[in-house]
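Next up is one chain by itself, shown in structure tokens, the form predicted on its own.
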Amino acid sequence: MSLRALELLNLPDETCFLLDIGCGSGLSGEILDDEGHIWIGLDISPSMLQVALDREVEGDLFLQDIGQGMNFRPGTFDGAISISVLQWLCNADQQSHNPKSRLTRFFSTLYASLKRGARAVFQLYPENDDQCELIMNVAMRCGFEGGLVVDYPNSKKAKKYYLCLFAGQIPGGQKQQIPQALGEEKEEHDVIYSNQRIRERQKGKQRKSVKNRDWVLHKKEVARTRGKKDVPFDSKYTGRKRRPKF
């Protein structure tokens, strides 16, 4: 599901700065790492974040109730993904919780934190059509465009819901369109990027590697700032000299 969410983000073949909403123990973050991206994770559960820390995930982690909004600088992220989280904002777990207000706070602050034209993709398990309508209406009122993508709609086991949102249109670019869902019959010449890229992966055409010198240096610097031990010293191939031997 994380890979499918990345496909729907339609990111360029370069390192991007992404937000993982409801990151849990960092399973989705590992996918983002494998694809060469830098990420920040949010989760409401301290115990899940502790598991992520114990697993030494690469992303920076924040304890955050997304229903209270986020405080990132405007235009920070190139995209955002969320796996099996969004539907929980529709529940009133406390007497003070109002689902519509919490959704509004979340989507408005998320919209501000994304670059213009960036996408946010949410895999979710809606309880009913009313819940879907509530989520989509609030997102649109907060400035988002987009819609719901339902993969394999005729399958009970494989059916998956993805809310694909656009934070405005790409400046000077072609108008963004809702991606084609998997499992829908469509003429070959009408197949758009989401299906095509997945087929290319299955044929062995891998995404262009972005784990270059700058990516390696960044990973080492992050590890050093976190106080990790045994971080390898940079060699002449990464722009620094090794520690002198005595």
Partner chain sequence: MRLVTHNMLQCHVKGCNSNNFPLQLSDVEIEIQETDFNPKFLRNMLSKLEWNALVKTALEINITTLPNVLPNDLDEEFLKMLHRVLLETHIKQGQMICPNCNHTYPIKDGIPNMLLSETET
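Residue numbers count along the first chain shown, from 1. Treat the numbers as computed from the prediction; the structure is a model and nothing was measured.
Omitted from view is the form predicted together with the partner chain, to which the following refers.
With the partner omitted here, the residue from Gln169, Thr76, Asn137, Ser84 that has a non-hydrogen atom within 4.5 angstroms of the partner chain in the predicted bound form is Thr76. Contact check for Glu221: no non-hydrogen atom falls within 4.5 Å of the partner chain in the predicted bound form. In the predicted bound form, at least one heavy atom of Gln64 sits within 4.5 Å of a heavy atom of the partner chain. Heavy atoms of Tyr161 never reach within 4.5 Å of the partner chain in the predicted bound form, leaving it off the interface. For Phe233, no non-hydrogen atom is located within 4.5 Å of the partner chain in the predicted bound form, even though that partner is not displayed. If you check the partner chain in the predicted bound form, you find a heavy atom from every one of Cys16, Ile40 and Gly59 within 4.5 Å.
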